[in-house]
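One chain comes next, on its own, written out as structure tokens in the form predicted on its own.
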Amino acid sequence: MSTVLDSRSFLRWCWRQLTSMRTALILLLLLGIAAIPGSLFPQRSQNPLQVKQYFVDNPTLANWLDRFSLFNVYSSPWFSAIYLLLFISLIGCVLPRSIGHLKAIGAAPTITPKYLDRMEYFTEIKKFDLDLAEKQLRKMRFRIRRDSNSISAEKGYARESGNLLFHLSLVLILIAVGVGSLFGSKGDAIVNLGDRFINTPTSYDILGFGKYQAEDSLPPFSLTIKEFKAEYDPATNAPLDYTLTVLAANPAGSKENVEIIKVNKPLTFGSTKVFLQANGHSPIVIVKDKSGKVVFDGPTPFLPQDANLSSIGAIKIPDMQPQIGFVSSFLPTADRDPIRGGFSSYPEVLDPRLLISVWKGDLGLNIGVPQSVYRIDTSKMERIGLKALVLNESYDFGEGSITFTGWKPWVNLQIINDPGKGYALVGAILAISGLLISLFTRQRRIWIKQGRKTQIAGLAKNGIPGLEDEIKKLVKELGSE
């Protein structure tokens, strides 16, 4: 029997420790620390190709990191454990306090202490009518408890309400984050000007689903990229504004409407938002084989490497024999430096150059391993040419020819479905409101007791100043200074 009691006592002790505010703060700190690896290492849910490349570059380290789920931080057991413990700790800490607070809101202030001379700012004055004191205290917005020869007054109870509101809002934010991670989705897609994006899994470059979200849950809409306008400061090259004009159909195939998307003005389809995330250029080339047959004709998106949109990319021609790959750079406004070499001096296309390094051999597309569309593995290839092309210039590299015919702007659309975002916003607003109420509300008590003389004293919770002035004001109003 004693063993059972000891076990129960131990479990009660564990529960008290877990539901203490100190533990909740420690878990909140641990959650922030645990999220750091998610920004230091590539995540499989966001960039599986980069994770694969990490294994190629650092095989031993990558295997150790993978054992600790550092490539799947936010779905790892240890991160989930911290998250759930924080959730339980906050609920176990705040919920009983909230229930007790609700019961205490309608209760009368505490009984007047027997010895007021032990309280703060104790003073004795001549006798006066307690009715007058009660009237003055109510005027000062105190709650009153009136006894036969004493008054107990209290105000600032909203301080505890604000404190509890803050912590309950943190619980709401945790719930919202959990809902978003379980039932949400997030994806990115690069779309050239003039192309159409249909919200299906195959249209995305990167797409991740929540645990209880599936491919058939994507809302059916389509976007046709009609115009993209970027404005830059000519003095600093800094971007001033981006404006994307699209034809949107919801659902896909219905009547299209003209919509405008800006960096801080996403397009919304229910709980799904379409953000303008980035932009760049897609050089257009025509590649012919030895016989003059066109084997490739179209744009290829290149990835910007700096603020002036100096971009790198890869043009892969697997249909030629041997296979041909162009390791390339696109410079919107070409310039050259003796040390840096070729670079772009302005983000708009004013004097474009396409720098190409021509490789022949095996592109590695048939081995069943995914690879980046922006890079070429040249380990099994031979370089056969190097050229900087101006607009409409052709280059014969022996196995065929390439002509640089133009470019198209591209935009990176980030499509996010986060059903918990609205609740998280409400939770954040309530948390800030509760924190402000807690910080700026002064909680204090004042007692008045009649005897041979009238005794007045008070108590300021948390040592917040102002009680002495209120007692002096009360004494002055009662005409007993």
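Computed from a prediction, not measured in an experiment: that's the story for all the values here. In this text, residue numbers run from 1 along the sequence as written. Heads up, when I say rigid core I mean the largest set of C-alphas that superpose within 1.5 Å between the two forms.
There is also a form predicted in complex with a small molecule; it is not shown, and the following applies to it.
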{"item": "Stretch in contact, per heavy atom within 4.5 angstroms of the small molecule in the predicted complex, of 85-93, 222-230, 185-193, 143-151", "value": "85-93"}
{"item": "Contact flag, W359 vs the small molecule in the predicted complex, heavy atom cut 4.5 Å", "value": "no"}
{"item": "In the predicted complex, K472 touching the small molecule (heavy atom, 4.5 Å)", "value": "no"}
{"item": "Residue contact check: L439 to the small molecule in the predicted complex, 4.5 Å heavy atom", "value": "yes"}
{"item": "Residue contact check: N163 to the small molecule in the predicted complex, 4.5 Å heavy atom", "value": "yes"}
{"item": "Listed residue (I26, L435, L70, I416) with a non-hydrogen atom within 4.5 angstroms of the small molecule in the predicted complex", "value": "L435"}
{"item": "Position in contact with the small molecule when the complex is considered in the predicted complex, options K265, R97, K135, R383, heavy atoms within 4.5 Å", "value": "R97"}
{"item": "CA of L165, rigid core aligned, shift of 2 Å or more between the shown form and the other one", "value": "yes"}
{"item": "Q443 C-alpha relocation of at least 2 Å between the shown form and the other one, rigid core basis", "value": "yes"}
{"item": "C-alpha of G420 off by 2 Å or more between the shown form and the other one on rigid core", "value": "no"}
